[in-house]
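Shown next as C-alpha cells: one chain only, the form predicted alone.
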C-alpha cells in the first residue's frame, strides 16, 4: 500500500486568521460598529466579493497594480471573457450597486457595509492582503449637502469610541485645497504630484523633495509644493500667507472651515485640520479624512467626498461621501500590543452532561428546554467519565455544567464552574 502524502499547512502571508477567543472579540467589535451606524439611519447592503475588472479599473488609480483577478485552474476561452476580480475596497462596489438599483433606492441613500476586501500588497505590519472594512456612505442625486462632510466623521468617531480603544484623532483636509494650490503654482502633472505628496509620512520630506525636483525640474517649485501639505490648524491664514491665488483653493478652504466648525462638539484635540491628508485614490474630490491613534502615525481609517463616483456606471450625477474603518489593521495592531483580551473560547453557557446512552433522550430534552429559553447549550457527545466531561467544560471556559438525573427519581442539578457550587435546578425556570 502506498503511503498517503501529507501536505503540511502553513499560514498564508497577509491573510490573517484568529483563534476562537479573539474572533469572538472581532465579531463583538462588528456588532458595536453596526449599532452606531444604524443609530444614524444607515442601512446595510452586501455586494459580491468580485466585480468586473473594468469597473474596478475605472476608479482604482494606483490600486490597479494590487487587484487580484479570478481565473479557474483549468481555464477555457469563455473564462477569459468574464474578467472578474476581487474588490479592493467597498466604495467602488457600492457605486456600481447604486447605479444598477438607482430607481429602487431612496435618496440621499445612506448605507453601510462590513465586508472583506483584497489587495495584492506586500504583506507587512499593518498591511494585509485580505482585510475587513467597515464603510458608511451617503450618496445623493445632483448635489450633496456639505453638512454630511461633518456628520460622517462624527459617526466614525463615535464608532471608534464604542470599541473602547486608545484615543484616536481625525486628520481632515480638502482635496480642492491641494489641487487649487498646485493649479495656482502652474503645476501641469497634478495627479503625479499629489500622489507623491501623499507619501510624505511614509518616505519623508527629503525623498519626496527629490522625486518632485526630478520630475518638475525645479527645486524651488518642489519646495513650494511641499509647503502647503505641512500646514496643520490655523490652515486658512497659513495657506493664504503662501501667496497663491486660485478659486478652487479658496473653495476648499471655505469647505474645510465649515467642516471644522461643525465638529467642535467632539472632544478637544480629536479633530485636526491637516493639509497633508490627500488620500491616494483618485476618486476623492473634496473633504478627505484619515484616522490615527494619537500616539501612532499609522492610518486605521479614512475616506472622503467624491463628486461623481458612479458616473462610470450611469448617466446621473451622484455625489457622495464615505468613510471606512480599517477593522483588520486596527484589530491586528492592538492584538500584537496585548491590548485585546481574549473572550471565552466558545459561546456555550451550559454543558449538559450525558449520564449514559440510555439517558440520552432525557439529557437532550433538558438541553433543548434550556435552548428554547435562550441559553447557549451543548450536550456532551459521549457517555464518557464525568471527570472527562467536566474537564471539557473547564478547557472551553463553559461557566455551567448541567447534570440530568442519573437515576429515576433524582433531580436535575447544575454546577457553577467558577465557585464549584452545585445545587438542584429545574431547566424550565433556572436562571443564571
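Note that the structure is a prediction, hence the values are computed from the model and not measured. We call the rigid core whatever largest set of C-alpha positions still superposes within 1.5 Å between the two forms. Residue numbers count along the first chain shown, from 1.
Keep in mind that the form predicted together with the RNA is missing from the display, and what follows is about it.
With the partner omitted from this view, the residue of 279, 111, 224, 171 that lies near the RNA in the predicted complex is 279 [heavy atom within 4.5 Å].
For the options 44, 391, 382, 35, the one in contact with the RNA in the predicted complex, meaning a heavy atom within 4.5 Å, is 391. Judged against the RNA in the predicted complex with a 4.5 angstroms heavy atom cut-off, the residues 23, 115 and 373 are out of contact without exception. Proximity to the RNA in the predicted complex, taken as heavy atoms within 4.5 Å, picks out 128-136 from the listed stretches 155-163, 176-184, 358-366, 128-136. Under a 4.5 angstroms non-hydrogen atom cutoff, the RNA in the predicted complex has residue 418 among its neighbouring residues. Although the partner is absent here, residue 202 is a contact residue: one of its heavy atoms lies within 4.5 angstroms of the RNA in the predicted complex. Put simply, residue 424 is far from the RNA in the predicted complex: not one heavy atom of it is within 4.5 Å. The RNA in the predicted complex comes within 4.5 Å of a heavy atom belonging to residue 121. In the predicted complex, not one residue of 338-372 has a heavy atom within 4.5 Å of the RNA.
After superposition on the rigid core, displacement of the C-alpha of residue 346 between the shown form and the other one stays below 2 Å. When the rigid core is held fixed, the Cα atom of residue 114 travels less than 2 angstroms between the shown form and the other one.
Once the cores line up, the CA of residue 207 ends up 2 angstroms or more apart between the shown form and the other one.
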